[in-house]
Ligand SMILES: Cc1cc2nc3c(=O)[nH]c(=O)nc-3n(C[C@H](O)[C@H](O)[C@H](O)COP(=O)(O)OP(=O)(O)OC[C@H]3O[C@@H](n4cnc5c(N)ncnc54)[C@H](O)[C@@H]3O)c2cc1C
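Shown next as structure tokens: one chain only, the form predicted alone.
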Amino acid sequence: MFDVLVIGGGINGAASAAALSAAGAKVALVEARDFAGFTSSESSNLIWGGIKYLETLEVALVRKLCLGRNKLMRAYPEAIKETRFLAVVDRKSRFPAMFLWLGAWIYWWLGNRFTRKPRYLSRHDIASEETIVKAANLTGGLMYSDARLVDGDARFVLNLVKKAIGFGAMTINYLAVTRLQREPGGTWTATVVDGVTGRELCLQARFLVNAAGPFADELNRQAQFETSTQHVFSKGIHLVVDRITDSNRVLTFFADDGRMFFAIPLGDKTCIGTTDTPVESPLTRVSDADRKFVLDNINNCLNLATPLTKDDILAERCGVRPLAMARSREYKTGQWLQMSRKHVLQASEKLGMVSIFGGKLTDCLQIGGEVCGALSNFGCQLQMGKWYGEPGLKSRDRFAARLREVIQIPEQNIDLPWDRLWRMYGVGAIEILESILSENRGAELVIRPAKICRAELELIRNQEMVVTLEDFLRRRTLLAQTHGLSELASMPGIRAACEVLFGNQAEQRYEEYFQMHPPIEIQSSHTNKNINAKVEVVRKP
């Protein structure tokens, strides 16, 4: 019997589970796919205050998002970095450059002047500072700041899941809820099916949190929770290409239809997008029209020796934004871009259930706090504490001390990305160093192009619940998002990494990824039948 069952392992579920378990609740978190295996691994990787929502005069929402961004930047100074955005304005823009510059100052003040000041740039300034941008038809531009997740959205979500585990939560991926029942005594019974073993089992909890993202409406129907809010879906896609600029800025343009779109640093590549297209189902794919829209618009904006084509696409990101909308409101296609992106929580004390609609990476801390507040009102005994953020100075000092020992190992020239290891794994990076100190092969580079060593792979295997190779390549690392499929297939070390991660199932996992399924199908696959013993221990209720 758990105090709370959280259904959904995306950003909303991970934040809810971490906040609740830190407050003393006995929490179970279940996810039908991998953690961050759907919407939460397909974002723009931006932590931003939503400057574009000023156009629809949602000042209160922008203020709230800016404060959420500031809070995240303070709590995660390594994982979330302030990033300069260069927004350019051409002669066809709906707004003059000076008007947008004024908006950037309002945005800066709404964010408590937390970031660097905005700057106005003339056409000549843009041409000299960012030569890749076509400046001939520009009227000017502006530079302002927001932030981005250096290692991607999925890594951020996973680290919140690991926070929940550290506070005592039970978290299981590839565990799908097939039935919900409210018992006469007021508890919930959830029938779940393990996508790894096929085993069916039941979980019981006093309270239920529906954090199923775009699938929340279906879960509410199962629970017979009649809400006044529902989801409509917006498809957003990104195309990943080789790096187009070394400036490390986010380049911001206005597409032909007036939408903002971006060229965003992603590792050593560039991620271009996004679209904002209404769709009926959360199960969607990148279409040829989507690719053409993004490629045509970016080619119109950049000085490229050769225009980008489909052959330049290394990877694609495709997800849906679940947008919260009142059931009483009539949806009109022409009003799509004016729809609010704010989240909504609906709670039923009678059912002991909270449902989350919408939500963004930027307001995840607020969502975690709101879920705790709602359940506390229901009688769940909670004592709120700090449930997020990077390790403190003592842990950092321990890491530095161990690192000095590793560097001084005689007759070894160990060259690993120490900053990345600390940023991604926190105190887990200390375990990587200790493994290197205790085992001669720990520092061995298994995937040399990405500088992933054996000790890092062992930590991922033991602590991060990897079930498929897709989990590792796309969500534990950025490899599948920064390399094409054929490049991954020929990359030295991928097979050896499978042997570390999956043991005697290595070849099966490798074949699944590269031959039997394209990556988008593996992401939602429940056909895997085996898992290494280390992960099986973590997954057992």
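When you see a residue number, it is the position in the sequence shown, counting from 1. In this text, all values refer to a predicted model and were calculated from it rather than measured experimentally.
Missing here is the form predicted in complex with the named molecule; even so, the following discussion is about that form.
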Answer with one of Leu46, Val62, Leu501, Leu473: the residue that has a non-hydrogen atom within 4.5 Å of the named molecule in the model of the complex. Leu46
Residue within 4.5 Å of the named molecule in the model of the complex by heavy atom, from Gly236, Gly103, Gly389, Gly369, is Gly236
Whether Ile7, Ala212 and Thr274 jointly form a contact site for the named molecule in the model of the complex is the question; each needs a heavy atom within 4.5 Å. yes
Only one of 443 to 451, 159 to 167, 213 to 221, 91 to 99 sits within 4.5 Å of the named molecule in the model of the complex by heavy atom distance, namely 213 to 221
Taking any heavy atom pair closer than or equal to 4.5 Å as contact, tell me whether Leu457 reaches the named molecule in the model of the complex. no
With heavy atoms only and a cut-off of 4.5 Å, decide whether Leu361 touches the named molecule in the model of the complex. yes
Would Ser40 show up as a contact with the named molecule in the model of the complex if we use heavy atoms at 4.5 Å? yes
Arg321: heavy atom within 4.5 Å of the named molecule in the model of the complex? yes
Is any part of 146 to 180 within 4.5 angstroms of the named molecule in the model of the complex by a non-hydrogen atom, and which residues would that be? Leu175, Ala176, Val177
